[in-house]
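The chain below stands alone, shown as structure tokens; this is the form predicted alone.
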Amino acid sequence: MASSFTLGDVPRISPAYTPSSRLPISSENDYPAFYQESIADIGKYWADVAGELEWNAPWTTTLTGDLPRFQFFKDGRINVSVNCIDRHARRNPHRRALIWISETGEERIWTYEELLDQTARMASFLHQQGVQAGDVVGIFLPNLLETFAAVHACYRLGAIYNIIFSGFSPEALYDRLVNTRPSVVITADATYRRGRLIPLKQTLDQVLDRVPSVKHVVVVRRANNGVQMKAPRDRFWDEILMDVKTRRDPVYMEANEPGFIIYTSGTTSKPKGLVHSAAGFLVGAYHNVKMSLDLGEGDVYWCTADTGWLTFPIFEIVGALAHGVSAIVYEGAMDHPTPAHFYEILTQHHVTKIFTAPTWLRMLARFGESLTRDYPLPDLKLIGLVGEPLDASTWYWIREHIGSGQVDINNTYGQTETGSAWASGIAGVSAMKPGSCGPALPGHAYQVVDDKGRALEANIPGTLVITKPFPTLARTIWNDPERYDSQYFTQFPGQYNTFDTALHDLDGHIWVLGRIDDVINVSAHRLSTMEMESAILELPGVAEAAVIGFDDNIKGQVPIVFVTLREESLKQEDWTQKIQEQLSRQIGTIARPSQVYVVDAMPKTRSGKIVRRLLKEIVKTGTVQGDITGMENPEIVDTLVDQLKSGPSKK
């Protein structure tokens, strides 16, 4: 699997953050031996991690089986909500657990005691409606305080929650509900996004007649926008808790029982309902947050993701609360009503650590340096990232301008299937390399292999595979176990196929180059789109870049480039020539794009990823046919169609 990718002279940057005693190692020199010991005996390593949590009954065997059929902590019994809420409420009931902030300017706070009360009483209500361990509850909510209570009420009962992105269209919502057949759905009347009211209950009502399993709908009053309620099926959250006074005791589940279902966001094929075990996810998320962010009870922490993407359960709903932090819960767009809003929240609440998407950091750079001078952010110590690699130029801009140049940037890698960002530097321990995803965290064994499954040496690109089980890896696909086996374990039997192209360098850092299908074949040369985008982002004035491959009768495929700029006045420059020269210089003349489009904005998901599929569809057909309701900015599609009709960038 050849590629043009070269690491060049990438510097190792020592962390400014000082790790706490919570971490098992404090020096990068200790990592190689510690990591090798962790993967030599995977069971022992994860037993040590799990032992830091509160179990109702011990396990008999730490690890049985192998990929794809394995079990961790067999016969052990545990409850996720107890570990994320009860044990902190016992010690510090009045500590702030959740600080809810909306783009509308509203704020609410729940202590750990208040979160426990809401969670346990909602669990009582669900139990009264017949919800038992193993039953499915649909959760169609935005980022609200009640979202945490809804999720943990399910964990408390041993019910399986199906968390669904609140921006989905009725049909996308229907697909996920009809497949899981919940008896209860928890939603809100509406939510706000960029000043717009998004009617969630109304969206749900459009599909309920086709989902006969749903007998009860719980509605959180968020906007008080006068939704229609169908008695006795529909009840408001606050009215329920006025009636329900008893707190439901936790149900302790066997460690390998399913905890939740989360669907991949596929729009071109049938979405996959990935099933994660409750205990495995708790142990792995607790470990992930500990290693990547070194979270503790003194931190005020903000994960900027949406509830509906797995990043939020990993890094906030479960992982962060398991460490007893005070967590920011934000509803809306972070740059609304102004780009300063993000900085204002960090300053007002003395946020120490954030977890976000690389795209958001590029937006901060696009907003410019004036905001960073107005908001020096002296409390901010660490930024964690996931979603896609962060280009080196943005990495350096953030390090220079955010937090007085002392903020560490931990760029991680994971997938919905893996349930954790398993490639990541250890906070304050691992040296940082702009552009890399860091080394593998302890307890995660991997290889980079060729098409025959043979392990490749350092600096040679291939397919990234996972070679041993770890607790957060999805256990199956809901109602389709055959698809789970065939999709992830067929090409390389006994190994999980990430379908990502990557390499590891001599220091053990993993560099993810893109999806296997994000490699462009130009005249038999395989070019990584991520490498090309990183080179383009080094050009002064470029805020974002996206590269797609387009069919060509002579070359097979040719690159087409889309960029947004940091200033409107820069549009007058000849960006086609600049980008062609940059790619020729950085990669080779084979990478020269056939077309360059300067656009006002990129189509993005709510998690900040650029939807390159839509760009390719617009170039190919001049329109978009797929579902775009789950996007951050669906209105940009019509603008892009019009812009592309006028042709590529010209001087």
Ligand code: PRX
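Numbers follow the displayed sequence, beginning with 1. The shown structure was predicted, so the numbers you read here are calculated from the model rather than taken from an experiment.
The discussion below concerns the form predicted together with the ligand, not included here.
Peer 1: Counting only non-hydrogen atoms, choose the one of 467-475, 106-114, 333-341, 410-418 that falls within 4.5 Å of the ligand in the model of the complex.
Peer 2: Partner-contacting stretch among the options: 410-418.
Peer 1: Considering non-hydrogen atoms and a 4.5 Å limit, does the ligand approach Gln495 in the model of the complex?
Peer 2: The answer is no: Gln495 has no heavy atom within 4.5 Å of the ligand.
Peer 1: Taking the ligand as it sits in the model of the complex, is Arg592 in contact with it (heavy atom to heavy atom, 4.5 Å or less)?
Peer 2: Although the ligand is absent here, Arg592 would stay clear of it in the model of the complex, with no heavy atoms inside 4.5 Å.
Peer 1: Is the gap between Met363 and the ligand in the model of the complex 4.5 Å or less for some heavy atom pair?
Peer 2: Outside the cut-off, so no.
Peer 1: Does Ala279 reach the ligand in the model of the complex, with heavy atoms at most 4.5 Å apart?
Peer 2: No, Ala279 is distant from the partner.
Peer 1: Which one of Pro439, Gly158, Pro461, Gly387 is close to the ligand in the model of the complex, taking close to mean a heavy atom within 4.5 Å?
Peer 2: Here the answer is residue option Gly387.
Peer 1: Taking the ligand in the model of the complex as the reference, which of Glu257, Asp306, Asp500, Asp507 has a non-hydrogen atom within 4.5 Å?
Peer 2: Checking each option against the ligand in the model of the complex, the one that comes within 4.5 Å is Asp500.
Peer 1: If we check the ligand in the model of the complex, which of the residues in 110-134 reach within 4.5 angstroms of it by a non-hydrogen atom?
Peer 2: Not one residue comes within 4.5 Å of the partner.
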